[in-house]
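Form predicted on its own, single chain, as structure tokens, below.
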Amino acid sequence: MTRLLVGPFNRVEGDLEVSLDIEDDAVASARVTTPLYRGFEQILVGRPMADALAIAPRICGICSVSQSMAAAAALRALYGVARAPNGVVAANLAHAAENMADHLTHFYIFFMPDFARAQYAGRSWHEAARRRFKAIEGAAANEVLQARRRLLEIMGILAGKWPHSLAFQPGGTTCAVDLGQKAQLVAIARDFRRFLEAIVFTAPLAVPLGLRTPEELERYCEGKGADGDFAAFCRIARALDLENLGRAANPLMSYGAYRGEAGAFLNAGVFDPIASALSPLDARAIREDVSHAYMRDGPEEPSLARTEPYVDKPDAYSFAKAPRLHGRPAEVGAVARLAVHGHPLVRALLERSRGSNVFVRVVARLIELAMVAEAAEGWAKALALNEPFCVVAPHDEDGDGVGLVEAARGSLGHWLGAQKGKIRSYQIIAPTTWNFSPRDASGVAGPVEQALVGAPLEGHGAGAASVQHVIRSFDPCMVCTAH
């Protein structure tokens, strides 16, 4: 048995190290480490409650709307107010723009460039992948960055700026739009849909959204979608057998995404990929284990927990805590959202492999991209001119509030306690904290640590592409993890 230390990882937001025990040229066990501590939860304590809306989004520059939405939701729960209907629609549209930009960036800038590695030279698909997806030099990057820039114009109209806008408030959003701006929003959403149809799927969105089985997906990739980047990924994934790489069989959890008056656009719940069973989400069953985290022991319930670093703690190896749902790890992200929501293709792929894997995580991300892009156009059209976007909320309530939202990378929760108008306690569990959790007190590994076991190195050691594929399939954001 030999041990390899992999990291720092490029194309990942923040610091990440992975320790791998190697046996027979494959990963026998893994430990993932978040080596950077930042302290946002401590910074917030003692400040006026509304400061959460300004400080918490600074945790991250690529999902700041998600952090804003969670902070606003926690304050809204504490205040007991309802958002203005226009504010709900505007917030969903802005959140969708950020999440779609994240999915697009992950696919083209973070994940696909690994197929252009020299390790794959000689494969039948390698030269085409190198020309299309190689970092900086590939033809796709310029097209994608232009589409991403256009998409994020939504943030300029609805939030004034991106990232770190103060437009997202407990009572809605602060930027009303006029007729011209509404027309701009509809046009931007339509342009992005056309980009997806022309470049990613080479078919109307209804075609990939209508796929129900793995066999239909294969026929689409050889037929209507053959010239698109989604099909290119699927063909490479089949050649590399990515369906049998990075496998894990934990519960898949979603808090529910894009809530409106009629409920959530993507449902909340927990899906068991082994039993193919769906159950309601009980957020009261969430706990944070710190047995292997550089943190002092304390209450495990997020609303009671505290964050006190302890760098000399025996057996600790990460600044990430270990979130558990009913005492078990849970995987979060697009695959979890679509499995919980009941998407037939994602559920069929999960059933075939009896759990998640590299292939289905990426497929789910692109299918969700199509779903949200289609909905975003409708949300832009639904904005009601001359109706309020925000209601005034009180600022001096005492009590507790929980804000649960879905960022692109998965379930994000803020637990806020307030006393005499000041923040008494603040706890955050980010998506990557769920996926990249260290072991718990029972020695149970987190989802990524499980998924890395069995990854073949094929003589490439720490530079093996398989390890990169597994890590990137979760789209990690380590600055959010350690916050």
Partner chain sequence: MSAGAFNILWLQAGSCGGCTMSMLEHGSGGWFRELDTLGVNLLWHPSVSEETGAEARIVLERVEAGETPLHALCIEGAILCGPDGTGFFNRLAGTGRAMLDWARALAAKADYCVAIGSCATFGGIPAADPDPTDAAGLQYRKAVAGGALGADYRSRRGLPVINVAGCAPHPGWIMETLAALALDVLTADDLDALGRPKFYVDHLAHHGCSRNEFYEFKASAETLSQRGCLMEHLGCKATQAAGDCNQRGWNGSGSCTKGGFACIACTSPGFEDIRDYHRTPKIGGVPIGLPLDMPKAWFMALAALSKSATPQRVRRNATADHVVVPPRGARKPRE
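Residue numbers count along the first chain shown, from 1. Nothing here was measured: the structure is a model prediction, and the numbers come from that model.
This next part talks about the form predicted together with the partner chain, which is not shown.
S.K.: Tell me, please, which stretch of 207-215, 341-349, 226-234, 151-159 lies within 4.5 angstroms of the partner chain in the predicted bound form when heavy atoms are compared?
M.R.: Checking each option against the 4.5 Å cut-off leaves 151-159.
S.K.: Check each of 303, 174, 353, 276 and return the one that places a heavy atom within 4.5 angstroms of the partner chain in the predicted bound form.
M.R.: It is 174 that has a heavy atom within 4.5 Å of the partner.
S.K.: With the partner chain left out of view, choose which of 145, 375, 283, 81 has a non-hydrogen atom within 4.5 angstroms of it in the predicted bound form.
M.R.: In short, 145.
S.K.: With the partner left out here, check for me: in the predicted bound form, does some heavy atom of residue 61 sit within 4.5 Å of the partner chain?
M.R.: Yes - in the predicted bound form, heavy atoms of residue 61 and the partner chain come within 4.5 Å of each other.
S.K.: With the partner left out here, check for me: in the predicted bound form, does some heavy atom of residue 441 sit within 4.5 Å of the partner chain?
M.R.: Answer no; every heavy atom of residue 441 is more than 4.5 Å from the partner chain in the predicted bound form.
S.K.: Are any of the heavy atoms in residue 5 no more than 4.5 Å from a heavy atom of the partner chain in the predicted bound form?
M.R.: Residue 5: contacts the partner chain in the predicted bound form.
S.K.: Looking in the predicted bound form, any heavy atom of residue 136 within 4.5 Å of the partner chain?
M.R.: Yes, contact at 4.5 Å.
S.K.: Since the partner is left out here, which residues of 385-409 would have a heavy atom within 4.5 Å of the partner chain in the predicted bound form?
M.R.: Contacts from 385-409: 386, 387, 388, 389, 390, 392.
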